[in-house]
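Okay, so here's just one chain, in structure tokens, the form predicted on its own.
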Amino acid sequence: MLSVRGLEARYGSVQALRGVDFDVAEGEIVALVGGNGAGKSTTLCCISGLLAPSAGSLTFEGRDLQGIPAHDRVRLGLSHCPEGRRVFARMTVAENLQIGAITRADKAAIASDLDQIEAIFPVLAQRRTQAAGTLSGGEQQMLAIGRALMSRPRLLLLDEPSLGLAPLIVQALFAVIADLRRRGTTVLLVEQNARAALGLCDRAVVLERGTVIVTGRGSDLLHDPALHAAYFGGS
């Protein structure tokens, strides 16, 4: 579904990505893990079109993404749920969700999808007319994911969904991510909570200083002694 080859990216004189290669197959959850500054969020921004790579190629369902702006990538089936939620604080929950469908014109299907999102996240139905800025952190994260899903993505890019949330909320969100895959959405997940990410994903790509250092099945990497020492604080 997604092929990333030789991806490089820069912020001015700082090179953030150095020849990143990986694939995402349809129906998978693939996790990008690594420490701060590893290049995880930069990779997602390159895929979604928010940042132009300095080298390399991105292919989505056989189509070269070079030169395709971010809003057209949404139409192709790529949706990016960014780090920090970035909900529209003064708008209602319902308005935020409707913005997620801004590239669509199928009103009946949009209404049906709103019902499905509220079934996945019942709290959003309860808060439908409430300003998004008044929601809790966990509720805002649910809203951000729901908004991303309103574009009907084939590949959902999730950036740090657990950031700043209580463990019980994180557990509930990861259960939702697993359910999204069962519903047919492929997921590329960026997550600093390496243990949780590796326990959830089918495959993982470990980044360090903008370079892929290892890839493999999530369950295998979860028990890798070197990764434990680097990311779990133990041997």
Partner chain sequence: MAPPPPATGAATAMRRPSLELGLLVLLLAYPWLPIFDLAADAAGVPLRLEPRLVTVFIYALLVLALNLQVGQAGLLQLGIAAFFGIGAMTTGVLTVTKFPFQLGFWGALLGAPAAALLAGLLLGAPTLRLRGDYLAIVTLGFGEVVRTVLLNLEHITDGPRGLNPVAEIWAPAGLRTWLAGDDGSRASLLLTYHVALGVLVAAFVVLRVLERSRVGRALSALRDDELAAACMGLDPARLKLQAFAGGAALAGIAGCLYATNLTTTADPNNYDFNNAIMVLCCLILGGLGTLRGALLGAALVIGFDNVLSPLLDRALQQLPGVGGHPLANFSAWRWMLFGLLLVVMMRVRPAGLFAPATARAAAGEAAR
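Since this is a predicted model, take the numbers as computed values, not measurements. Positions refer to the first chain, counted from 1.
Note that the form predicted together with its partner chain isn't included here; everything after this is about it.
Original post:
Wondering, does A55 line up within 4.5 Å of its partner chain in the model of the complex on heavy atoms?
Top reply: A55 lies outside the contact set for its partner chain.
Original post:
Though only this chain appears here, would A108 touch its partner chain in the model of the complex if you measure heavy atom gaps against 4.5 Å?
Top reply: So A108 does not count as contacting its partner chain.
**OP:** Please check if T103 has a heavy atom lying within 4.5 Å of any heavy atom of its partner chain in the model of the complex.
**Re:** Judged by the heavy-atom cut-off of 4.5 Å, T103 is in contact with its partner chain in the model of the complex.
Original post:
Contact between L50 and its partner chain in the model of the complex at 4.5 Å, heavy atoms?
Top reply: L50 belongs to the contact set for its partner chain.
**OP:** Could you check which residue among L163, I99, I120, L76 gets a heavy atom within 4.5 Å of its partner chain in the model of the complex?
**Re:** Checked against the cut-off, the match is I99.
Original post:
its partner chain in the model of the complex: within 4.5 Å of a heavy atom of each of G138, N193 and G199?
Top reply: No, none of the three is in contact.
**OP:** Between 146-167 and its partner chain in the model of the complex, list the residues on our side with a heavy atom within 4.5 Å.
**Re:** Sequence-ordered list has one entry, R147.
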